[in-house]
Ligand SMILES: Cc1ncc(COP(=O)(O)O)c(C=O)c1O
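There is one chain below, alone, in structure tokens, taken in the form predicted alone.
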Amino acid sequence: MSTLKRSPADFAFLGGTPAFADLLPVGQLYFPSWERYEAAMRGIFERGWFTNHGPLAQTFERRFAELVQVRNAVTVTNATLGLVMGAKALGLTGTVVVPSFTFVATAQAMTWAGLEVSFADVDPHTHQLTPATVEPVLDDDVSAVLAVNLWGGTCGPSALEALCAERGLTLLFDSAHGTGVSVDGRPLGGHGALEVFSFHATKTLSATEGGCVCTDDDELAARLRNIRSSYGAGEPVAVEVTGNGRFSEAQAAIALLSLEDLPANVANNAMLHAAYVDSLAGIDGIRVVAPTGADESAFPYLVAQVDEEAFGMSRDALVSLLAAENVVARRYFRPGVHRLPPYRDAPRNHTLRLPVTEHLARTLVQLPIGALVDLAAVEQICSLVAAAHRFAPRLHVEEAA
């Protein structure tokens, strides 16, 4: 493994040895030991209860509800489906305001639920939706606001709750990044009408895949469970449509193990994040984006902003350079969702300009953090970034497409 780039020729894209022998991914990828996984799977097979809201799913719902301090945690197959179910359970109609600076599934879930989407810009410093960015897109067709809590921070839910209460709008949250995050002395989970979490493998709390809808509204939770089609879980209530959104026992088993490991995983993320902050601090044109609006964070992402003029190369060129060194760096979120199909083809979006979203889509990069990253890897990645800046005038990197 080559640790130093003493000249442009040392970079892998010019024929040098890659800094990492194997790809270093960007996601969390925390996973229990084989022994613990094997024991959990053996229990499932011994019971012969694999799905249909089994004992492990029920246990995880109780424990996650305790963690985020809500009355109801309704597990689902994945967070995208959780957002669809949430919109249906709330009986939303018309148009929902969504930030364009988010993962495309946030908006697509509303489309799947039969709703129109109106895109709002975000704050340039926090990257979050705020009342100031929501108000310009409110009209008579808007019935709800779907806010996103990004980067292990929050969008300041209390201010949005006040705005929506004043305007008679329903407020719900995509808190896919939100496990282990608290604001105003309270964990994410009980704000707005509901919050949806992700337990994808890239998240700090993993079920390999999965999600959860949290709410303090018992009647809403009953509708969610019936939409999920839980076969006897809770009181039967009338709902518009049902589906199959159940959380399997295998997902629940891994989620429970991940819940046990959560404090250690959060501590590891915090350590790695701090190391990145220290090592990148002296590099012109690179700014680490700290989680904002939160009392506590799980530091699920290392997000940095690249100032092309000061750094000497574009964000996309840096991504290409790192890829050759076997470092996976992601350009989240690129482009803004309003520039993706089918939304870019909607007449209302033809002339839509969201300058902050479009700037962030050009300049932000995620660097690896999580289970497969250690302090030595952070040092190596930061050394690569520093060398890219130092040799930028002599490097001509083909930008990532």
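These figures come from a predicted structure and were not determined experimentally. Numbers for residues come from their place in the sequence shown, where the first is 1.
Keep in mind that the form predicted in complex with this ligand is missing from the display, and what follows is about it.
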item	value
Candidate from R287, H200, K88, R246 lying within 4.5 Å of this ligand in the predicted complex - any heavy atom	H200
The unique member of A105, I283, V142, L256 whose heavy atoms fall within 4.5 Å of this ligand in the predicted complex	A105
D174 within 4.5 Å of this ligand in the predicted complex, heavy atoms	yes
Partner proximity in the predicted complex: N78 to this ligand, non-hydrogen atom cutoff 4.5 Å	yes
Any non-hydrogen atom of P300 within 4.5 angstroms of this ligand in the predicted complex	no
Distance check, V148 to this ligand in the predicted complex, heavy atom within 4.5 Å	yes
Segment assignment from 217-225, 322-330, 110-118, 79-87: heavy atom within 4.5 Å of this ligand in the predicted complex	79-87
